[in-house]
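This document opens with one chain alone, in structure tokens, the form predicted on its own.
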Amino acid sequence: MKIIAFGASPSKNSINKKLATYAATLFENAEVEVLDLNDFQMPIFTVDIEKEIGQHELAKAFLAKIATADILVVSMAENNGNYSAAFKNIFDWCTRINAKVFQEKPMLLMATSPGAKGGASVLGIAKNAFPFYGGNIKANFSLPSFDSNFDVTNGKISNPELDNQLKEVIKNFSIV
């Protein structure tokens, strides 16, 4: 079983990438590939640029990575209550090639933030929107107060109650 995981943030120290990476490792017998959004930097999408250059090769590469997955583990970064600009740009380029960006792959959708709401706004937006774009969301999880609840040195959730909640979500995750 192959898992493609990513944090929907371009930050080199993305807390969402750290959460997605940790969650992906909790699946048994899985090969995990963690994507970095910085590997998919493209010009800001406009129809004018698309008309000039056509479908961007990095958008095709992102979609090809998604195609290799049996499961997607995605943790959304919240920027002013919404998607990060970097994720939205990749998403916009990809939808012009395949409107079903997530290709009906079973998905664990998550979010975290330094705040007590754990990215609840962006998680809600993604939960409502992604099914229209081939997002087969099987489970979701929000980690509040990242700095207090995640041990970056060990790369895992430090709050036992929250860690058990995530482990239970993954234990009950069904790809059917």
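Please read these numbers as outputs of a predicted model, since none were measured by experiment. Heads up: residue numbers just count along the shown sequence, starting at 1.
In what follows, reference is made to the form predicted in complex with a small molecule, a form of this protein that is not presented.
Colleague: Let me know the one among Ala24, Ile157, Leu166, Ile15 whose heavy atoms come within 4.5 Å of the small molecule in the predicted complex, would you?
Modeller: By the 4.5 Å heavy-atom cutoff, the listed residue in contact is Ile15.
Colleague: Using a 4.5 Å heavy atom cut-off, indicate which stretch of 108-116, 124-132, 40-48, 60-68 touches the small molecule in the predicted complex.
Modeller: Only one stretch qualifies here: 108-116.
Colleague: So in the predicted complex, is the small molecule close enough to Leu72 to count as touching (4.5 Å, heavy atoms)?
Modeller: No, Leu72 stays farther than 4.5 Å from the small molecule in the predicted complex.
Colleague: Since only the chain is shown here, I'm wondering whether Ala77 would be in contact with the small molecule in the predicted complex (any heavy atom pair within 4.5 Å).
Modeller: So Ala77 counts as contacting the small molecule.
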